[in-house]
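First comes one chain, alone, set out as structure tokens in the form predicted on its own.
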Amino acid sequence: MTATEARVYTPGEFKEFDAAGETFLYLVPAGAIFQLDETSRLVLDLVKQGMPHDQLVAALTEKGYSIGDAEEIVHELHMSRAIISADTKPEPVAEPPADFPLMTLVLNLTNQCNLSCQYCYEFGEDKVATPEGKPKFMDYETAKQSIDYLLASSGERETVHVTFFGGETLMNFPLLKQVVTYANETAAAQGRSIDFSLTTNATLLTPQIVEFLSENKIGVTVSMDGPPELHDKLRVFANGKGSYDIIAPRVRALIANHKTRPITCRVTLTNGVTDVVRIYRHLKDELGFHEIGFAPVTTSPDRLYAINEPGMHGVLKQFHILADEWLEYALRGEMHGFSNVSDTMAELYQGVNKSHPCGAGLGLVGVGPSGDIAPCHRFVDSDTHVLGHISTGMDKEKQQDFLGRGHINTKYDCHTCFARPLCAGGCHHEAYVRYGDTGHPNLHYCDWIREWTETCLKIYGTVSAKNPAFLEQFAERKAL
């Protein structure tokens, strides 16, 4: 008997789930989804009983397969790691190359804001920024250097992305206009292009600004937390007055007159602002946003606006309601608008297997008004987390330290979690606020993330079984 014939397999690392009457495996090390047919199910059951390779082949030949086909079936299951042998070595997620090309630059045009949102990660009690003594508004020279840096650091990418951010982005709208002109001209001279987006609280939108955004195909995400009584709990002006009545008519005008890109919304969930379904209905059906994404507030657990564990369970329950709707729409071939599902569908379809929670410090960096380079917009103006300066470039040692601590291979709590290809331990900024370490896994969300991931896996399986063509639109999608 050869070594191969005597080989004994064990089940690989996967999450098994049922959807649409079919059984699927989410193959964790690969971040891939595998539908079990009757034959694969048989092999897996026999492997669980400890049956060696030669007996597996014999069992398949008894089912009518040729020896060659039986060998191929077992081989394919082995190669996909649905079954593994004793000599199978673990495959740690690869380190990204040191010269990984930049994709996205988040340009913080100002660190000032005309609102005083109590939960703001930039100005609130949990802020990491140290803006004292630094410019409040970015100047044109710094912005030009930032665009030059993006183009020089993006390798052979034909299209790169600039996101305008703040503070409140539109407080420095004159600079935004200059940057768009300079960036387009500079990229075109290199035979390349730049895609633009911005995030805004919408208070400063005017017809002229909307016209400019539409003409230049600039994507817009509005920060808004629902109907008046929910939105105005924490999204207020310095005098305590709520901002909804200022924002709502401007949002309606933006949606009506921005003709070139769909308008999206990002909702921050806080204690007392967790009525997800009601918020979604208002923003989608009454205001007309194309898509809405929800995220719990980033905060220390003792803040009054922090969502406690029962509150997070309530949020998840309402997520499930919208997820069921999303599935109904998808089976009809229609997009729903709940981006928390859509973003996960894209990652599952693309076979994402993250080394890091996001592109921060890798394919994405933030630049503050002073020109300091940060891992992302949430760390802009923080002396503790600066990775370099736009005039001198990235400090590779600081970058590698940040990326090394944030890599999934260092997060031992995550090594047995089936959701790690999508989560990779969670947001660096959230980890720093909660645990004082950007590389610490966000353990307070683990059960929540696992349940939500399983929900999305079942949705994916159902759609792939009943309307697989619908998933093709997620091939190029990036998260909201």
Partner chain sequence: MKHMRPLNRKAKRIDQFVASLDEDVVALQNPGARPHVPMGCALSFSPGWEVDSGGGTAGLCQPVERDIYDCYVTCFWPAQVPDHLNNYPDWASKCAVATKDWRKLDLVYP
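If you superpose the two forms and keep the largest set of C-alpha atoms that fall within 1.5 Å, you have the rigid core. Residue numbers count along the first chain shown, from 1. Computed from a prediction, not measured in an experiment: that's the story for all the values here.
There is another form of this protein, the form predicted in complex with the partner chain, and it is not shown here; the text below is about that form.
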### Query
Of the listed stretches (310-318, 282-290, 74-82, 149-157), which one has a non-hydrogen atom within 4.5 Å of the partner chain in the model of the complex?
74-82
#### Entry: 4.5 angstroms heavy atom contact with the partner chain in the model of the complex for Q350
yes
### Task
Please check if C423 has a heavy atom lying within 4.5 Å of any heavy atom of the partner chain in the model of the complex.
no
### Message
How about T416 - does it come within 4.5 Å of the partner chain in the model of the complex, if we only consider non-hydrogen atoms?
### Response
no
### Message
So, P52 and the partner chain: in the model of the complex, are they within 4.5 Å at any heavy atom pair?
### Response
no
### Query
At 4.5 angstroms, heavy atoms only, are T130, P135 and F137 all close to the partner chain in the model of the complex?
no
### Message
Using a 4.5 Å heavy atom cut-off, which residue among L42, A59, A30, L443 comes into contact with the partner chain in the model of the complex?
### Response
A30
### C-alpha of L60 off by 2 Å or more between the shown form and the other one on rigid core
yes
